[in-house]
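This document opens with one chain alone, in C-alpha cells, the form predicted on its own.
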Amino acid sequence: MTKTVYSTDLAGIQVGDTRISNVDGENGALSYRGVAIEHLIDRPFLQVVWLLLTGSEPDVSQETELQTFISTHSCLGKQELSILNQLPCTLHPMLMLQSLVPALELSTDTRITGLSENAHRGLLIASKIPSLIAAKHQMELGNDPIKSNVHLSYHENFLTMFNGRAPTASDVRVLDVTQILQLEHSFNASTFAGRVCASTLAPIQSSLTASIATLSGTLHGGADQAALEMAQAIDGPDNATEFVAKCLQSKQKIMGMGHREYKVVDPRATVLKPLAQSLCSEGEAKQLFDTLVAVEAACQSEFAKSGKQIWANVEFYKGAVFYRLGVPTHYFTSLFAMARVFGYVAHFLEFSENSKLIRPSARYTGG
C-alpha cells in the first residue's frame, strides 16, 4: 500500500519538474537555466528574459525582435485606459493588475520567430504591465498617463512614464539588476498558483492573474512594501533593537527577515544590500537603509542567543532601492510583478508541454 504523505504547506514535497530555475537553499545559490544569477546581473534585461523563456542564449536578431515586440505593444489602447480610469483611485496597484490583466487586448499580427502563440500572449501582457503601473501612478498624482516611448529601453521607458522625467543611466541600470534578481524563483507560491490554474486548461491570462494575486500577500511579494514601511515606522536605527525585542516577545513576524528556502544568505540579498547602500547615501534614504541594517543586526543578535542564524531576504533591502528610485511603497510589489511575470510565462509554457490537472487530496476531519 502506498503511504500517504501529509503536509499542510507542501514543505519538502516535490510536485513537478522544471528546467527554468534552481533554488539551492542549502548553499544559498540561485540559477536561471543553469546560469548563476551572479553571472546574469551584468547582462541586458531582455537578454536574460529570452534565456528564461526559451532556455537558449539569444542572438542579436532574436534580442532585437524581443525588444521591438515589447516596445511596440507597450502602449495602452483607449479601451484599456478607459477601464483603468474607471477603477477607484485608491485601489492598490496589485488589485489593479488583477483587474486589468484579464481585460488586456491580446491580438497581434506581429510575431517573434520561434515563439508559440501562448508565448506571444504572455509577452503582450508583460509588455503592458509597466504602462499600467505607470499610468495608475500618474492618475493618482492627478496627471494624464504618459505615453510609452517605443524608442527607449524597457526600464528607461518605465521610469520615464512612472516619474514623469527621464531617468539617469545609473537609475536604469539599478532597476535592471533588481528586476533580473526577481525574474524567477522556481515553485514559489505565486508561480505554483499559476501552474495550478494552468492545469485546468485555463488561458494564460487567467494563470498570470492567479499568480499576481498570490504575489500580493505580505508573506510573499508584499513583504517588500511591509519591510520598508516597518523601517519608516521604527523612525531611526537607534530604535531598532527595542523594536526587534518587542516583535520577538509578541511573536510578531519581522517582514523581510529569513526565507523559507534559504538556510544561508539569500544570494539576491547579497547583491541588493550593497546596491541599496550605494544608493541610499544621504537624507531620509540613508536613515531608512541604516534602520534596515540595524534591524537585521538586532535580529541576528537575538537569534544567536538560541544558536540560530537568520539573514535578510531579497524583499528586505529591495524596498530601499525602489524608494531611492522614486517609487512609493504601495507600488513596490507591482514592480515585483512587472519582473516576475516573465517567470510566470516561462512556467506556463513549460507546464503546458505536459499538462496534468493538479488535484491534491484532503484529510477529512469532520464528523
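Numbers follow the displayed sequence, beginning with 1. Just so you know, these numbers come straight off a predicted model, no measurement behind them.
There is also a form predicted together with acetyl coenzyme *A; it is not shown, and the following applies to it.
Contact here is defined as any heavy atom lying within 4.5 Å of acetyl coenzyme *A in the model of the complex, and by that definition each of Leu248, Arg260 and Ile310 is a contact residue.
Partner contacts here mean any heavy atom within 4.5 Å of acetyl coenzyme *A in the model of the complex, and among 300-308, 23-31, 323-331, 66-74 they occur only in 300-308. Though acetyl coenzyme *A is absent from this view, in the model of the complex it lies within 4.5 Å of a heavy atom of just one residue from Leu159, Ala198, Ile254, Leu288, which is Ile254.
Taking Ala223, Val174, Leu183, Ala134 one by one, only a single residue has any non-hydrogen atom within 4.5 Å of acetyl coenzyme *A in the model of the complex, and it is Ala223.
Contact check for Leu219: a non-hydrogen atom falls within 4.5 Å of acetyl coenzyme *A in the model of the complex.
Looking at Tyr317, you'd find every heavy atom of it more than 4.5 angstroms from acetyl coenzyme *A in the model of the complex. With contact defined as any non-hydrogen atom lying within 4.5 angstroms of acetyl coenzyme *A in the model of the complex, Phe336 is the only contacting residue in 318-336.
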